[in-house]
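Quick heads-up: it's one chain on its own, the form predicted alone, in structure tokens.
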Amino acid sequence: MPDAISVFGLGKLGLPFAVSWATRGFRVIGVDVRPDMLQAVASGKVPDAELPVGSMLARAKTKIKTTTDPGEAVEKSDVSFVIVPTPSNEKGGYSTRCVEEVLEPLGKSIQKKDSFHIVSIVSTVLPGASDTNFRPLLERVSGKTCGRDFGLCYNPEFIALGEVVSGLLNPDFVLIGESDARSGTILSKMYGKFCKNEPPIVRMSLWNAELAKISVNVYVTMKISFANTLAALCERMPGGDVDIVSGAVGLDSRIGTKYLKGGLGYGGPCFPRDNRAFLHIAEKLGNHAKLSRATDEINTDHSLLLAGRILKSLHDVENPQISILGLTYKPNTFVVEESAALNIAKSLVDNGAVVKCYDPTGMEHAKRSLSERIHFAPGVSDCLEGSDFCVVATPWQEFRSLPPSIFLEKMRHPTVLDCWRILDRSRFHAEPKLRYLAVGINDSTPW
């Protein structure tokens, strides 16, 4: 079984991927066009790297080499994993330009190699990309035949930012799209050694694997939008409580409790764009995918409606100021891309509100998106100072233990909207001078 891999692209997923394989005993060659990144990896200190990537890198330092030379990487490895950006394009699909820019020199390197080499695409792509774009490109550049002289696989990862290493080493399943049985078998055996939890390894055609990858995220987005619809209904029912309802619904083995929480809409670098990409490929294949379109619309409307309700509740307050605690799309990451909290902040500012925000890790990234339109506070206390409405938007651990007293002491008109119901509800309701609201809960306090 091969024990040497090369990883093309050392970004948010590529670096944890490379480090994880190294800690499992494989020799790894990391390839990146950024000299500063290669230098950081070589030094063992990579800025913004997720925990525990830094400590793992230190432990596996002797197993990882870095280079800017694709030829060296291919020559010294048996499998090349390609993990580069595939940004969304204006039509809703994915641009594969970065993948193709890697495959060009990679194919030329395969041309010079006598042994069988596998190219495994990890980046998210649309169905058909591997078979109609990547295979012909590699065959043309290498002058060799796919399936006979080299292999091509589509092997995406199902991970969540903030939990990348855990997701890589303990996946629910491993998905392998294969150009040929030989390549699939080799990759399967490697994953058998790599994964800690002995997950199911599912092998299929390249087309089917590409569709399966985005379908997982599309189904999850549908589940999130349904949970948020449940939350909206619960707010309008006497004694409605989305946690009670969704908790019961999730006990059905056909449904499950994951992503059935009800709170804010989905965001981040994967869910929104995968849902739109699914719509794009569906229409390309003659299907309108109305369910996915509705899911996307519900998600967009959810943030706008929430912002509108906040503003309406402050209609009699002169020059209202709104505080938002949490800007990242989820806790334990600095990513604010398509974050519901960020969308709410933008909507409030667009409608003339004064907004002040604080997030434990996402401030610098949020500033790039919001520019000078929003005030950024150095901590919770400063964020709440003088405000009339506070939105607890991201369920960071730091916010879970906040007492009612900090809101009473700092806010001008203490009103708290707990989007994920992380605060101690009984303590907040016990304060007559504090108005506590929660998404998905009807506590006989209309707003």
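For every residue, the number given is its place in the sequence shown, counted from 1. Just so you know, these numbers come straight off a predicted model, no measurement behind them.
What comes next is about the form predicted in complex with a small molecule, which does not appear here.
- Between the options 199, 147, 85, 128, the residue in contact with the small molecule in the model of the complex by a heavy atom within 4.5 angstroms is 85.
- A single residue from the set 346, 273, 117, 223 has any heavy atom within 4.5 angstroms of the small molecule in the model of the complex; that residue is 273.
- Mapping the unseen interface onto this chain, residue 33 counts among the residues with a heavy atom inside 4.5 Å of the small molecule in the model of the complex.
- For the chain shown alone, residue 283 is not a contact residue for the small molecule in the model of the complex, no non-hydrogen atom being within 4.5 angstroms.
- The small molecule is not drawn, but in the model of the complex it has a heavy atom within 4.5 Å of residue 12.
- Using a 4.5 angstroms threshold between heavy atoms, residue 180 stays clear of the small molecule in the model of the complex.
- Note on the interface: of 185-193, 100-108, 286-294, 373-381, the segment with non-hydrogen atoms within 4.5 angstroms of the small molecule in the model of the complex is 100-108.
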